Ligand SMILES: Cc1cc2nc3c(=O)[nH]c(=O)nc-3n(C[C@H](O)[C@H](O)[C@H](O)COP(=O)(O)O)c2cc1C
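To begin, one chain is listed below as structure tokens, in the form predicted on its own.
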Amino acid sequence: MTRSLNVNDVLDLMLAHRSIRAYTDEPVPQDHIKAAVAAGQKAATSSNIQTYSLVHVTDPAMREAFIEISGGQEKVRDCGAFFVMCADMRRHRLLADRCGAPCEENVESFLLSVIDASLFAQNMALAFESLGWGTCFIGGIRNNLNAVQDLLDLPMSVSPLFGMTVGKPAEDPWPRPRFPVDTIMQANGVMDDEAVLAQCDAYDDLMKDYYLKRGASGRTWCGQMERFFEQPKRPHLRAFFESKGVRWR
């Protein structure tokens, strides 16, 4: 079905995105949730496999538990709605079991699931923002996926990936600058290492005003990235995903 869209309005909404980390107590109406989920489902999915599912966490005790799991992020309790995005190969495994065929979950199938879930989630977030809600993705649930598993009792082949808070903003944060487009996109290849480092230094200059407005004068993006990747992140994840059926072959 063809719809008439004001493309500038869509671009303006996308370019104005900010992660919202403080919310009022206004609940998100169910019709808005269903509309946003339906919009999320219109994202691209490889071969229409749709290897994702969504958990809407409404239980107050569960929401409290997710605060600890996510490293003290109280917004998962305070937001109007909280969701957990999952990679989901269960439908496909059950179909294979029913007809006696194998269903191999390897690196490629896991990547497809993660990509599907991420595209779905981004569409969903954009839909919520178009309806006047703020959003924030919560990677912190990967601090303890075993605790998430225990809370949600997820079956084999359904793996939690990240959360999403949605609600009415109770803050008006400064937009965070991104790398210039010409830094991210090059024709027919990528720039050499020296050029990449020069672009990183230029981005530090771009970020100075942002950090100053946030009361973090002297911070640099380069220094932050150097510290961020000094140690492996969440090394326990491999064992968890293997327990859900993923095989690295």
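It should be emphasised that the depicted structure is a prediction, and the values quoted were computed from it without experimental measurement. We number the residues from 1 along the sequence you see.
There is another form of the same protein, the form predicted together with the ligand; it is not shown, and what comes next is about it.
Novice: Could you tell me which one of Val158, Ile138, Met124, Val148 places a heavy atom within 4.5 Å of the ligand in the predicted bound form?
Specialist: Answer to the contact question: Ile138.
Novice: At the 4.5 Å heavy atom threshold, is Arg77 in contact with the ligand in the predicted bound form?
Specialist: No, Arg77 stays farther than 4.5 Å from the ligand in the predicted bound form.
Novice: Arg176: heavy atom within 4.5 Å of the ligand in the predicted bound form?
Specialist: Residue-level check for Arg176: yes, a contact with the ligand.
Novice: Mark Ser109 yes when one of its heavy atoms lies within 4.5 Å of a heavy atom of the ligand in the predicted bound form, and no otherwise.
Specialist: So Ser109 does not count as contacting the ligand.
Novice: Is there a heavy atom of Ser19 lying 4.5 Å or less from a heavy atom of the ligand in the predicted bound form?
Specialist: Within the cut-off, so yes.
Novice: Pick the stretch from 109 to 117, 83 to 91, 150 to 158, 68 to 76 whose residues have a heavy atom within 4.5 Å of the ligand in the predicted bound form.
Specialist: Of the options, only 68 to 76 has residues within 4.5 Å of the partner.
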